[in-house]
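Starting off, we have a lone chain in the form predicted alone, written out as structure tokens.
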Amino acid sequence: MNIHAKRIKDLQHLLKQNRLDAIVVGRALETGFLTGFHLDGLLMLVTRTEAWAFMPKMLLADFNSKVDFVSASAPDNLIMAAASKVSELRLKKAVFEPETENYLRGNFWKLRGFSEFKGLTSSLRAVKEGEEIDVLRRSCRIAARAFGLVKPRIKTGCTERSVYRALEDVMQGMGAKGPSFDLIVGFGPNSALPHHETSERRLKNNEAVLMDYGCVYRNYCSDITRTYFHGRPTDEFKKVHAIVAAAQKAGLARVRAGVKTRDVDAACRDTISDAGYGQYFIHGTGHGVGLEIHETPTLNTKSDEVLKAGMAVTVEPGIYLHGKFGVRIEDSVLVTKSGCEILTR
């Protein structure tokens, strides 16, 4: 069976499990996941047994040539067509996902009798299978290889923004569509800001360089962070870098199917705390990655989510010494039954 047709079947199975009759799906990320047709403008209605796609007329021929397992049409008003279909079929429990809808359209669905129901499509996207694993591997390998190609170009006097552009150019040269988020390049004290906005600051001798970046390859995102010292590393930097490396190693060792995500976070956090730097680890340990750069599951102190084989997550502990430097080491990994496969290697 076509992987996209299977995903629709899986969504229909979730509808039955949750005693729901139908779901409307309108964001391009989800409609692309379900059909393989990634252009914006589609609205889907999926019931327990059927699936329809409503779209502008200019997309219809292209859609029909690529997707033969969904009934497609081009009505004048997409959302009215979907709502009318629900009324026509007398479906009582139709839902929409509030996290994927805007305010106005969410209100429209509510006025038409639809209910909010979170997490149906995201639960399907969390576990990768088939070709999407190979695509995700390729996205991560492009990002990992880019570090080795760009690092030799980073010289005293270059700007953070120039490194950003170099990373972007190198990854696109290897087939990436573009960056998977607004890349972070931080020199010196800027490396101590976890979500630093890349600037025109110039690199000086003997200071830290942090690069948090990734790319999009065939719609799948990668995420990686590398930190090193430009010049002669101080004893303090070497100590902190070794602690973060040990923390990441401990976290990676906990990743496997059946483990709670907070346990991975604890493995990283305990290592850093035991070394006396617990107060300087100021964010969660990781997140899911796939069609979005941040998706289910979340790896932090509060999460009760459980890892499943096929999930792709990041493990990214860090220590941030404000006004001095920060160290973060991040890899994207694929969860397996017995451990994990490091993708950004």
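One-based numbering along the sequence shown. All of these numbers come straight from a predicted model, not from anything done at the bench.
Note that the form predicted together with another copy of the chain isn't included here; everything after this is about it.
Colleague: Looking at another copy of the chain in the predicted bound form, is some heavy atom of each of 104, 165 and 168 within 4.5 Å of it?
Modeller: So, yes: the whole triplet contacts another copy of the chain.
Colleague: Would residue 235 show up as a contact with another copy of the chain in the predicted bound form if we use heavy atoms at 4.5 Å?
Modeller: Residue 235 lies outside the contact set for another copy of the chain.
Colleague: Under a 4.5 Å heavy atom criterion, is residue 110 part of the interface with another copy of the chain in the predicted bound form?
Modeller: Yes, contact at 4.5 Å.
Colleague: Just to confirm, residue 131 within 4.5 Å of another copy of the chain in the predicted bound form by heavy atoms?
Modeller: Answer no; every heavy atom of residue 131 is more than 4.5 Å from another copy of the chain in the predicted bound form.
Colleague: Heavy atoms within 4.5 Å of another copy of the chain in the predicted bound form: does residue 96 have any?
Modeller: The answer is yes: residue 96 has a heavy atom within 4.5 Å of another copy of the chain.
Colleague: Find the only residue in 172, 273, 123, 159 having a heavy atom within 4.5 Å of another copy of the chain in the predicted bound form.
Modeller: Filtering the options by heavy-atom distance leaves 172.
Colleague: When another copy of the chain is placed as it is in the predicted bound form, which of 191-199, 150-158, 205-213, 87-95 ends up with heavy atoms within 4.5 Å of it?
Modeller: Within 4.5 Å of the partner lies stretch 191-199.
Colleague: Since the partner is left out here, which residues of 11-41 would have a heavy atom within 4.5 Å of another copy of the chain in the predicted bound form?
Modeller: Heavy-atom contacts within 4.5 Å come from 38, 39.
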